[in-house]
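Below sits a lone chain in structure tokens, taken as the form predicted alone.
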């Protein structure tokens, strides 16, 4: 009877607990009983070298690594899910969690060495600087001029609608935290953003949650181009591709550079282990050369050297578009531009 009651209680708890949409999961057993639980937006194949390097230095710690979308990660931490470390590409959502008291403070020699723009109040720490890029299908764009600015891209789409109808990929900013961050930052920085969005909207764009899926579809020839994908993912894919099917372009008029960040959630139990992994990541973030690591360091070669380029700064300005009224107004305008009815 006691076991039956326990089973009922566990079933009720599971039903009441908020469901998490986990995209991938892997467990790395260690030699001891401690388990570091990590929730991350970074794909397993990209982040595994970092996990293996950490475990080589700390073999006694097992690692439980789960991948989720940036919006799902934000929801999980806000709902009190128990993780020791949260790694996300959506800087604004991470900043909101830290600002709302849902992150633990952490300070070490490694985090203190970060530049001011790469950390905030010992609560949130950046460890990569990753530009947004356009990924092109060389086959689908054969014979066409390569766009260098958003105005070039607008002209290209307008002049060749048959080439691009149904073949443009970009984020669904209603569901993608990173996509929303990129879109709102472009809205602040360049008047060309809404003109480009309206032109894309007339060409039946395909909307995605994640960079990896867009790059897959460009590689397979289903898309002619993917707009605003993560440069680190595109570079990694290009290195593994054969046949020259992909080309990466970084717009020369304005460039978003996202900081991938780490926080220790307030629910964390393995705080020491989480801090140790942050230390490793921030030291790698400050390395002088990219090396063989999949993700780039904080010091992008051209970040800040060209007008309109540089990392998005950690700070209260990130909260502007998270205000419910501002978000609703932005999404309404985005939907009107991106989801135009075709004649």
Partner chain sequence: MTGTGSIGRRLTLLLAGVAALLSVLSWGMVTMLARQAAERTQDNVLAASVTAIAETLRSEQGEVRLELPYSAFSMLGAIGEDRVFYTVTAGDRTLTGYADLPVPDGRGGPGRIVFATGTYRGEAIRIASVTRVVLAGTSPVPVTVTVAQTRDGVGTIAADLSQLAAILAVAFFVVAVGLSAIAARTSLRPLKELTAAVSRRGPSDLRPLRRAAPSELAPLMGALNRLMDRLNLSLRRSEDFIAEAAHRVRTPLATVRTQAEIALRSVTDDADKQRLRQMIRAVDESSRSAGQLLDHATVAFRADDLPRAPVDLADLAARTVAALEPTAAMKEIRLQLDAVPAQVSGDPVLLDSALRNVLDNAIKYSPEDTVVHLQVMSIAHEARIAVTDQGPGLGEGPARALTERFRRGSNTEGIVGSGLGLTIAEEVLRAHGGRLDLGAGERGKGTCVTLVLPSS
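From a predicted model like this one, the values you see are computed outputs, not experimental measurements. Positions refer to the first chain, counted from 1.
Heads up, the form predicted together with its partner chain isn't pictured, but that's what we're talking about next.
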With the partner removed from view, which of 69-77, 115-123, 207-215, 249-257 is the stretch that lies within 4.5 Å of its partner chain in the model of the complex, judged by heavy atom distances? 115-123
Answer yes if any heavy atom of residue 317 is within 4.5 Å of a heavy atom of its partner chain in the model of the complex; otherwise answer no. yes
Contact label in the model of the complex: residue 190 to its partner chain, heavy atom within 4.5 Å: no
Contact flag, residue 161 vs its partner chain in the model of the complex, heavy atom cut 4.5 Å: no
Against its partner chain in the model of the complex, would residue 101 count as a contact residue? Criterion: heavy atoms within 4.5 Å. yes
